[in-house]
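Take a look at this one chain, the form predicted alone, written out in structure tokens.
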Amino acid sequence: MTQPIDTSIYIAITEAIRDEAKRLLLEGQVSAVIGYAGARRKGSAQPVIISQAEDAAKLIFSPASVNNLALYLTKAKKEIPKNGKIGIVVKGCDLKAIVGLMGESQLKREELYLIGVPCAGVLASTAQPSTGLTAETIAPKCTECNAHLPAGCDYVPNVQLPAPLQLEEKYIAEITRLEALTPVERWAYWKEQFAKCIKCYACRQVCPFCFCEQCLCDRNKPQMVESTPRPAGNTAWHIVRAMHLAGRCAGCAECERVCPMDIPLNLLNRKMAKELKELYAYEAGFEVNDKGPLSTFDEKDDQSFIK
């Protein structure tokens, strides 16, 4: 049986987050703090927005803190108080999303107070919250994470991360396997995956970068993408979405976590990220960029794909 990963730091992080949130709210530095709180199931966590200092005691950080809270700065922005800065708890992948949204003029740095958390990893979507963090239960995205310690935050708890486990990098291994296939075989693989889609749009709803009030794919005059869950429409939807996120995706893998049909959406996003890094030396990170490689033109860009 695999020994659990030492997660004692989560207790220290929880206390630090509570103290900082309480101080911020008491001093009036923020009007609200977006973080995690315990949920009904043992060991589980859920997003929470607090605006009272006494509610800081509800905040936690644990391996079950899987949600990318940047979502609540876009999807739920109308429900968040606007009379001051917003405090938000961020893991490394969450921070990449916030930085990306800043580059797209969706967020302003001066309106946020970033509480960064050193993160040793979170649970995979298939793991039970009460099982603890092990080599078997850790989310695949965490085995390839290069942002365990968020950079540029206003506050980061002073705790030491445990040494990372040397685990198989599942996405890298799967991308390597797919790249070894012929184009016909790869197309067959993705067609099989997309055929499972039921068009529930959970992937869109959980993505911080899908912030349009009306998605282009919902329009019917003209209809850009077929809305019923049929093969052609499914394929169009997922290809459009992958291209839309290319160079923007923070790798939080929330889309893959919430997909009820287990479509490897983050695998597709990682493949797109790999292509952009190789072609344009560009990847999502902690630096605000107002122009991505697919929204700008440079005469030196590789144009060999044009036939």
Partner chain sequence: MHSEKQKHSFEPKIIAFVCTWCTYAGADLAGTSRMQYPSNVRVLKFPCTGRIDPVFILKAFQQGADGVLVSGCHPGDCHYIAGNFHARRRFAAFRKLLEFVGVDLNRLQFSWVSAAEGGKWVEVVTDLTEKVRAMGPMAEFKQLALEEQWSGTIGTPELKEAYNAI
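Nothing here was measured: the structure is a model prediction, and the numbers come from that model. Positions refer to the first chain, counted from 1.
This next part talks about the form predicted together with the partner chain, which is not shown.
Residue-level contacts in the model of the complex: of I239, L26, A57, A39, one residue has a heavy atom within 4.5 Å of the partner chain, and it is I239. Checked against the partner chain in the model of the complex, the candidates L267, V258, L69, I50 yield a single residue with a heavy atom inside 4.5 Å, and that residue is L267. Proximity of A195 to the partner chain in the model of the complex falls within the 4.5 Å heavy atom cutoff. E179 belongs to the set of residues with a heavy atom inside 4.5 Å of the partner chain in the model of the complex. Looking at Y201, you'd find every heavy atom of it more than 4.5 angstroms from the partner chain in the model of the complex. Contact between S8 and the partner chain in the model of the complex is not found at the 4.5 Å heavy atom cutoff. Residues with any non-hydrogen atom within 4.5 angstroms of the partner chain in the model of the complex fall in just one of 90 to 98, 134 to 142, 150 to 158, 170 to 178: 170 to 178. Against the partner chain in the model of the complex, the set T235, P293 and E299 is in full contact: each member has a heavy atom within 4.5 Å.
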